[in-house]
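Just the one chain here, the form predicted alone, laid out as structure tokens.
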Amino acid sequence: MAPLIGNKKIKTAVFISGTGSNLKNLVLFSKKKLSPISIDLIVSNNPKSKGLVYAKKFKIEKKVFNFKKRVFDEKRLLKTLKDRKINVICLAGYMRILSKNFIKIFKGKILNIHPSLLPKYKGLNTHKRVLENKEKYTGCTVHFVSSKLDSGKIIIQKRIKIKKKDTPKRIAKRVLMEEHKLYPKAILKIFNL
């Protein structure tokens, strides 16, 4: 990861598809003095993404690419990122798989947060699968993105205990609270702060 230059924060884009709670959390973190990043762009593949309200609220540029024309939209997205001098991408509930070419261009500069203790439970419906398999623990993981789904190098993880009366919804709520703490920690860790 590129070292910090003086007091200049690293231009970062956050990719979302849904409510944007991790986005909001990252924006608040980016405004702290100790944060190495500034959020300069919000990208969504979903024009109805609730998280897009944070673009207006925090006065951050937003772009929506629906990927109906995948190659064309990806070229537009890459051009936007280049024009804005984006150095780091944080995926925060982004429900599209990035192409191998895209990942290659931003190699080692795309982070993702996943609601399980990777390498277990890659993909979707993690909490339901955790309960079905009677796991004692679950949690969340921040990792670098590679061309294989949820398989990039792990940066940091947080483990939580499964309770007797847990449901996928209850676990999701608790894991999300941990995600909000873990993502900033992962960013500080990769910049050695």
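Please read these numbers as outputs of a predicted model, since none were measured by experiment. Note that residue numbering follows the sequence shown and begins at 1.
Note that the form predicted together with a small molecule isn't included here; everything after this is about it.
Residue contact check: T12 to the small molecule in the predicted bound form, 4.5 Å heavy atom:
Contact check for T12: no, nothing within 4.5 Å of the small molecule in the predicted bound form.
Contact label in the predicted bound form: I113 to the small molecule, heavy atom within 4.5 Å:
I113 belongs to the contact set for the small molecule.
The small molecule contact at G18 in the predicted bound form, heavy atom, 4.5 Å
Looking in the predicted bound form, residue contacts with the small molecule include G18, since a heavy atom lies within 4.5 Å.
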